[in-house]
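Shown here is one chain on its own, the form predicted on its own, set out as structure tokens.
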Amino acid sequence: MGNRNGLTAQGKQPLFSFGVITDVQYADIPDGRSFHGVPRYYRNSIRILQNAIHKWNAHQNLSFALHLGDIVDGHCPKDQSLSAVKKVVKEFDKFNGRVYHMIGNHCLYNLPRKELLPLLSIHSDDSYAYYDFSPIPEYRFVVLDGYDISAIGWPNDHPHTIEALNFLNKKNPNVDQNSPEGLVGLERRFLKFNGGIGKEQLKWLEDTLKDASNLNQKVVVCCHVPLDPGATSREALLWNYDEVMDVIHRYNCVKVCLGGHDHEGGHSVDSHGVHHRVLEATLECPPGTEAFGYIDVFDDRLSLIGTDRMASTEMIFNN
């Protein structure tokens, strides 16, 4: 599966490895374009996923796979939403290991949380989609719910919907609140297709990072919506990315943040040395091209070995 695209082989076996893919956004509809005119290949995306699963299984040494959100597209006809999600999940189930999902805005355009989360094997009594897991004792993965405070996904009368709409009305005066028209700089993130992380989840994040620090674990934070302006467009940032990063920067355990949502992808290293890698989308791969990969995890770095349009990236950090 691909090569290291110029990465130098380190001559050392990884502690473990895992597959990565994001923004499949499958729909059984003709190809289309984004708001900005970028071609989108709705039917082709599931073929790329199928090839990713095949390559991951052939690797034979991947501990799990990580899907960073947007399993089907918002243009999927609503009467096909449930069957479309099940169809893509069925492909993920062909992977010889556990797949960890997170929710994105397109997931929530199609199904309410109560229906969606069980399909993605995200087990929650209260429809929250944040959780953590440790593939080995030395590492912990923290999966955030970037649509905790959101105008989509929750019932219309849910407190988080009301909070999100009140917030948006203050921040974005446009009739179409998916439009950044008139918004300046980082304020362009205050769009309806983004979301925020609420107080309870922030408290959970702090407690989780505190526990990871006490256990001397290195942490990889995962969120569909990116957390650093250096790795993404201003229009694709989490509403309260700054609050989240304030919590993350209190603890030296977080080494890498992985995201999706911004289909072009990106990479930055923030002021505290945390790597932010936004992964390239499957949806925008023309037939004959692909975007997926796997990550080798070492004590001092994560090495992303990308396929085709997913750029390989070496993320070296201080222990």
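In case it trips you up, residue 1 is the first one in the sequence shown, and so on. Treat the numbers as computed from the prediction; the structure is a model and nothing was measured.
Although it is not shown, the form predicted together with a small molecule is what the next lines describe.
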Residue-level contact is defined here as any heavy atom of the residue lying within 4.5 Å of the small molecule in the predicted complex; does Asn216 satisfy this criterion?
no
Heavy atom of Asn96 within 4.5 Å of the small molecule in the predicted complex:
no
If we define contact as a non-hydrogen atom of the residue within 4.5 angstroms of the partner, is His106 a contact of the small molecule in the predicted complex?
yes
Do His67 and the small molecule come within 4.5 Å of each other in the predicted complex, heavy atoms counted?
no
Is it true that Arg40, Asp176 and His263, all three, sit within 4.5 Å of the small molecule in the predicted complex, judged by heavy atoms?
yes
Which single stretch, out of 122-130, 234-242, 88-96, 155-163, brings residue heavy atoms within 4.5 Å of the small molecule in the predicted complex?
234-242
Counting non-hydrogen atoms within 4.5 angstroms of the small molecule in the predicted complex, say which of Pro229, Pro180, Gly198, Pro135 makes the cut.
Pro180
